[in-house]
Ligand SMILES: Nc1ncnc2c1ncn2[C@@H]1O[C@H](COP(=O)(O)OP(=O)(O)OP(=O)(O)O)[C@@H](O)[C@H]1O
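A single chain comes next, written as structure tokens; it is the form predicted on its own.
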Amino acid sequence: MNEIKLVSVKNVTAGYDNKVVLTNVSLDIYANNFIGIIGPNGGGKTTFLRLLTGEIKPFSGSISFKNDMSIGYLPQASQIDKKFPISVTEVVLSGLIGKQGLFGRYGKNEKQLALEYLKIAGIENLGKKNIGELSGGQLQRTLLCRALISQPQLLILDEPNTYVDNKFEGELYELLNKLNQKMAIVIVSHDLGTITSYVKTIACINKTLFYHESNQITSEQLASYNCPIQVIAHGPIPHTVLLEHNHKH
């Protein structure tokens, strides 16, 4: 393992206003990590990502970052206002706002860098299109380029395979595999069967965080983590194992 620690989350409790969403969460993220985050809706996955990006602060506990560390973030597509009049290239360049300043002008080098990432994502011909004209897969590719253009040390993705086709999903994970040679990756996904083929470790978030130092996880382990997630069984007849959970409120 690359022992360069990028992020250290220690005993964090967090939420919104006076409502606690996460309790006693701890996790260290290292430079070569590829962590898949799973968990039920409302369990706190997106809240955890917002802690990592600095969008919210913890109620208690601490989060520390490596000096001069940059983070790329791909939000859920539903968070993007497609009615906003902005082109694909402008969206990608907006990933440099932290370096350019809010009203900074982008020069030839920045625009060339944006084009290079659009080529990597296979959408270089869409640079001048308004984001309102894009399909779900094209929008996700655009947002991925925006997350990558700052050349981050940590890439965070919140359910990037939502609203996309199988072709894009496969290409995305292959690209992430290559990117993981240069950066740490944290990805939230409901598709446990797919991410276990690519991630190195798994974290289950359901009000707190359980870290599993492998990409192979059994239904018994999920139950012990209080993580009500479907287990995908592969084989001659792929099928889904549904776990029964009884929760007391």
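Residue numbers run from 1 along the displayed sequence. What you are looking at is a predicted structure, and each value in this text was computed from that prediction instead of being measured.
Note that the form predicted together with this ligand isn't included here; everything after this is about it.
Listed stretches are 209-217, 177-185, 44-52, 27-35; the contact stretch with this ligand in the predicted bound form is 44-52, by a heavy atom cutoff of 4.5 Å. Residue in contact with this ligand in the predicted bound form (any heavy atom within 4.5 Å), chosen from Ser94, Ser87, Gln151, Gln76: Gln76. Looking at Pro40, you'd find a heavy atom of it within 4.5 angstroms of this ligand in the predicted bound form. At the 4.5 Å threshold, heavy atoms of Lys66 stay clear of this ligand in the predicted bound form, well away from it. Heavy atoms of Val12 never reach within 4.5 Å of this ligand in the predicted bound form, leaving it off the interface. Interface residue remark: Lys200 is not counted as part of the site for this ligand in the predicted bound form, having no heavy atom within 4.5 Å. Contacts to this ligand in the predicted bound form (heavy atom within 4.5 Å) from stretch 183-202: His190 only.
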